[in-house]
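What follows is one chain in structure tokens, specifically the form predicted alone.
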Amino acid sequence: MSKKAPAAAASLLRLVVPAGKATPTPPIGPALGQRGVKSMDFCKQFNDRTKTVEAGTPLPVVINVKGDRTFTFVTKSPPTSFFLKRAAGIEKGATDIGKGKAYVGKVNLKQVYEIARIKQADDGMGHLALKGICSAVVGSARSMGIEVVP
């Protein structure tokens, strides 16, 4: 008697994709292709779901690929570094940080608070106090060489 092939296990895939600009090129195409999912289907659904977000905004996506080659995905809010760079008006963070080094930009506490409120809406962050999320945003700003001013 022949044995049935075991069903493929479900897999979880994490990517950062620009809003409204998903294409079946790397990294999306190969990542989904090796799991047997048509990347064009994902791209169409993702671009349709993110058409209200500013084009090009990097969005973390968690894709759950099931054994029958179907998928579901969840989009999250952009990374904290994206918001900090936008608030400070810079292209990228500092390459060299520490005591005596110049800051590359400034953000105020109101901007930190707004970023923390956006991040609090993400799954897994709702149980955290806003003060704790603000502290994490301030830590991210400092590690990027951005000064936080009152």
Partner chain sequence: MLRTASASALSGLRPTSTQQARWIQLSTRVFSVKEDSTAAATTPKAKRAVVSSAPEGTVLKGINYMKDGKDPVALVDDAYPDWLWEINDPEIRAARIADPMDKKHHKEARRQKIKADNFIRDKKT
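Numbering follows the first chain given and starts at 1. Note that the structure is predicted; figures quoted are calculated from it, not measured.
Heads up, the form predicted in complex with the partner chain isn't pictured, but that's what we're talking about next.
Legend entry - Residue contact check: Arg86 to the partner chain in the predicted complex, 4.5 Å heavy atom: Close contact exists here: in the predicted complex, Arg86 approaches the partner chain to within 4.5 Å, heavy atoms only.
Legend entry - 4.5 Å heavy atom contact, Glu114 to the partner chain in the predicted complex: Glu114: contacts the partner chain in the predicted complex.
Inset, instruction - Report yes if any heavy atom of Val16 sits within 4.5 Å of a heavy atom of the partner chain in the predicted complex; otherwise report no. - result: Result no; Val16 lies far from the partner chain in the predicted complex.
Inset, instruction - May I ask you to check whether Gln34 falls inside a 4.5 Å heavy atom distance of the partner chain in the predicted complex? - result: No, Gln34 is distant from the partner.
Legend entry - All of Ser39, Thr72 and Met125 within 4.5 Å of the partner chain in the predicted complex, heavy atom check: Not a single residue of the candidate spot has a heavy atom within 4.5 Å of the partner chain in the predicted complex.
Inset, instruction - Specify the contacting stretch among 45-53, 63-71, 25-33, 92-100, defined as having any heavy atom within 4.5 Å of the partner chain in the predicted complex. - result: In the other structure, the partner sits against 45-53.
Inset, instruction - Scan 104-141 and note down the residues that get a heavy atom within 4.5 Å of the partner chain in the predicted complex; none is a fine answer too. - result: If the 4.5 Å heavy-atom criterion is applied to the partner chain in the predicted complex, 104-141 yields Asn108, Leu109, Lys110, Gln111, Tyr113, Glu114, Ile115, Ile118, Leu130, Lys131, Cys134, Ser135, Val138.
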